[in-house]
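Structure 1 and structure 2 below are two forms of the same protein chain, each written out on its own as structure tokens.
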Structure 1
Amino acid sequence: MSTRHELESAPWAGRTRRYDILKEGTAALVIITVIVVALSAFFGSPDDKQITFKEWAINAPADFYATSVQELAGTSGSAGYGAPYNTASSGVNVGPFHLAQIIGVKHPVDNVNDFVITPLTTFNNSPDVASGLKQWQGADSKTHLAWATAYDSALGKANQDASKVPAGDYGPVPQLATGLLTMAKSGSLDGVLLSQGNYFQNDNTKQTLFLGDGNYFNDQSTAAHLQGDTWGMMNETGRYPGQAWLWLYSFWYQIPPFNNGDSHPFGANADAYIMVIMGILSLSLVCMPLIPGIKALPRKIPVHRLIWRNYYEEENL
């Protein structure tokens, strides 16, 4: 055994003193907590306040009104999303495999009732809206669809200006959309959507879907640089550094064919393809020690011998 090894293995003969690891750990925790709280008070968080339906209805009433009509007509983005919310479409796919369909509808969302009709039944509506709600509830689904699609089409041609929509057989759809807009402006819609089905509810899926169907939420995301083409997945609001480790996920959204838009098969199904790519890369990293050729690299490229050169020199290895 070398002299160095003898010294390293010999009992300690120097001075000793009592050491309390619990006391030191507690002191370190207190000090770090004080520092974190102090820095938070000065710098805070770059995150903006959450967007509410009240904010949306007040700042962009025409967009909220038009989105409410789309929910009734079934033409909104989430109404045609497919699994896990409904069966309106086959969802994203990887080749012949439709991943969402394989999982099925696990979180059912009824856009008409969950977003419009049920919330209106909880609100103190005006006589006009109450009458329209009663008329809607007394009609069948086929009539509902005819009313809503006719008004949705007319509103789109009028550039979302309800005052320019010509007269037509729209049933109570205009009154219902107006009633929901009034409810949202009062702030009541936020609480109603959150508490549907359970008083102690913390599932924000329905609110997020409804917000995402309109343009207001998307516009706020664009202004905060949170879109996919601005590497938004790895940013916080305002391009503050966020989850930088997500760069590898966000990278794929910046290059063809994944950034070619929804008209391209890979662009329309980018989320699914990128999930598969990242799954393969992650699995490859986990299995790297088992891959022939890769596991032999340390012997072929002995960087470790350079780092631990003193050890190898002493042991004559």
Structure 2
Amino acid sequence: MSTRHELESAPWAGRTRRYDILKEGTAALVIITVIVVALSAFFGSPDDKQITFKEWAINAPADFYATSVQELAGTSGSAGYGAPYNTASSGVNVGPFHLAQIIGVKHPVDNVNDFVITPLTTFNNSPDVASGLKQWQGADSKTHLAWATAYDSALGKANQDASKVPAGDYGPVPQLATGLLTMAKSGSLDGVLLSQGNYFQNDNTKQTLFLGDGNYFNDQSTAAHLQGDTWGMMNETGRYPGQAWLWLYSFWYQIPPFNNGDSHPFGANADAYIMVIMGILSLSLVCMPLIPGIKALPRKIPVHRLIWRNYYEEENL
């Protein structure tokens, strides 16, 4: 006796209908192409201009200046990030595993030198910068840190207004930050940050980290509704559909405990736990026919009777 499985596996022996696979494929391709052309012609596509360091320095000079000081003081977001950029922190964890830390520093970033000192060495037309660099390079790292943290703290207390910072032992930090701001305003920092002394370069990691350390970049994305806590990962600039297919990934960031960064262990390590959850769910999608309960749903909820309505009527099923 044939089982249901054998019958469903065997070539169909019942009624058939005409079917021209090439004709159907060609018709579908033509129709879809026409729809795509129409959508493109009427709506275009999003293309908000990239943010440059020049734009940042001109539009938000105080923010740029303060971020430069933070890079020197090691208090910026990327300076304290941990792996894969540095060893400043252990990073997030999944249970007992700090996975990034275990793998180690794969994209080393030296915030002080990569973001500030090395670019300034290419900025030759400022005597203040030249003397500041000389003073900086003549001191040890302990002194660097003392100067930079003292100025970073004083600048913070002065609400990022450099003109209101009281006198103190800041070494050349104010000159260096001013020099970097001038360099950024001129547009030359953009190229220097990318090239890092090389001719060919296509890795934007350092630029992106520096840009993200300031408030300007974040403020622009908040205005464009792109932040993670507002479903930003599936949004697009302007009034265009974004990556709607990432809705489930974005969803976890909207609910407790993942939407509370102070909640341990899940909120504080939301990025890692959500990646794990999405990995499990993706695997579940691929293996869905093996999952008890879910694989039985199509029989229990008769949507299939709607799909095969004609066949069920004709066969009195």
Partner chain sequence: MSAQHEKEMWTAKLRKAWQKNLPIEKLLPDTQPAYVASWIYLFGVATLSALGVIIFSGLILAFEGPSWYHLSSPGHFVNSLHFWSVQLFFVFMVIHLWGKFWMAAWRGNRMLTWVTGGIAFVASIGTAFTGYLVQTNFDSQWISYEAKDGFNSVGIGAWFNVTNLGQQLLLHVAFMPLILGVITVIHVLMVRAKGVVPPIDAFNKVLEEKK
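Every value quoted in this text rests on a predicted model; they were computed, and no experiment measured them. Take the two forms, find the largest set of C-alpha atoms that superpose within 1.5 Å, and that set is the rigid core. Just so we're on the same page, residue numbers count up from 1 along structure 1's sequence.
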> Quick one, which of these two is the form predicted on its own?
Replying inline: 1
> C-alpha of Lys54: shift of 2 angstroms or more between structures 1 and 2, rigid core aligned?
Replying inline: no
> Does Pro257 move its CA by 2 angstroms or more between structures 1 and 2 when the core is aligned?
Replying inline: no
> Gly279: CA shift of at least 2 Å between structures 1 and 2 after core fit?
Replying inline: no
> For Leu290, what C-alpha shift in Å is seen between structures 1 and 2 once the core is overlaid?
Replying inline: 3.7
> Quick one: CA shift at Leu39 between structures 1 and 2, core fit, Å?
Replying inline: 5.9
